[in-house]
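Here we start with a single chain on its own, the form predicted alone, put down as structure tokens.
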């Protein structure tokens, strides 16, 4: 796939953001698209958004469970960027008019206190770099019509990033064994999912290590203050106007995402 077609794919995805109208799967429009094109297309969009004044505030890692990797036919995770306008305040109504096809999933969030750059990052390096963890709810969205995504689509579409709601209780890694912490997800007061951090690559810290070692060779450093979402512990849940989701992480506290009602 040549650079002109890569730029056209990036333009189409950016256009979907602006119009709130999803586009067909990229493989249908760009028949020569390959895996290596996907991150190029993602970066072209991020570069344009940064040129418009947006700021990178972290990253998300997706496809961290064996089930999701099997579903999309891949053997490793993917990553996307979290920008400054993707962060929503807990318990405050999240507007519905900014989304195309919103869904949510519960995660923990690493907040870094030191820079982390691969290659060569170890678990020990990652632990040393984490300042604290927060309970979180990731807001995911797809610019691809009807969520008919393959691995190329989701990578090119910034790993289906949408936003994040962070809970307000920070916890130090020395105070908890993340592998043993589970989550109960509530939608409008009803349990809709449960899961444990062990589902995230065996340990969500492994996800952080993978991210640092993957973006490091590209010249990217995970910066102090950046938020890293390592992956979900439950399946995606669809969102409707007026929905309220609560992710209860036990000792880590809760995160609440409240969506505005339609006018």
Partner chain sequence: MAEHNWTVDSVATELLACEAERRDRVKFTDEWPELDVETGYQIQDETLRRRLERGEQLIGVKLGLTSRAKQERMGVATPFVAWLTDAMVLPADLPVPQDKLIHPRIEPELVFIMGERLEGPGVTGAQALAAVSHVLGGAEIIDSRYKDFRFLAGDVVADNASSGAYMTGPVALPPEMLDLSTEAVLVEVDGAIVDSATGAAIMGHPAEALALAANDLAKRGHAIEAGWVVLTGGMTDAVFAPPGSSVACHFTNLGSVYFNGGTEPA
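Positions refer to the first chain, counted from 1. Please read these numbers as outputs of a predicted model, since none were measured by experiment.
There is another form of this protein, the form predicted together with its partner chain, and it is not shown here; the text below is about that form.
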* Evaluate residue 250 for contact with its partner chain in the predicted complex, applying a 4.5 angstroms cut-off between non-hydrogen atoms, and reply yes or no. => yes
* Classify residue 216 as contacting or not contacting its partner chain in the predicted complex by the rule of any non-hydrogen atom within 4.5 angstroms, answering yes or no. => no
* To do: Mark residue 181 yes when one of its heavy atoms lies within 4.5 Å of a heavy atom of its partner chain in the predicted complex, and no otherwise.
  => yes
* Asked: Given that the partner is absent here, does residue 221 sit within 4.5 Å of its partner chain in the predicted complex, heavy atoms only?
  -> no
* Heavy atom within 4.5 Å of its partner chain in the predicted complex - residue from 40, 27, 56, 196 -> 196
* Partner-proximal stretch of 151-159, 108-116, 90-98, 172-180 relative to its partner chain in the predicted complex, 4.5 angstroms, heavy atom -> 172-180
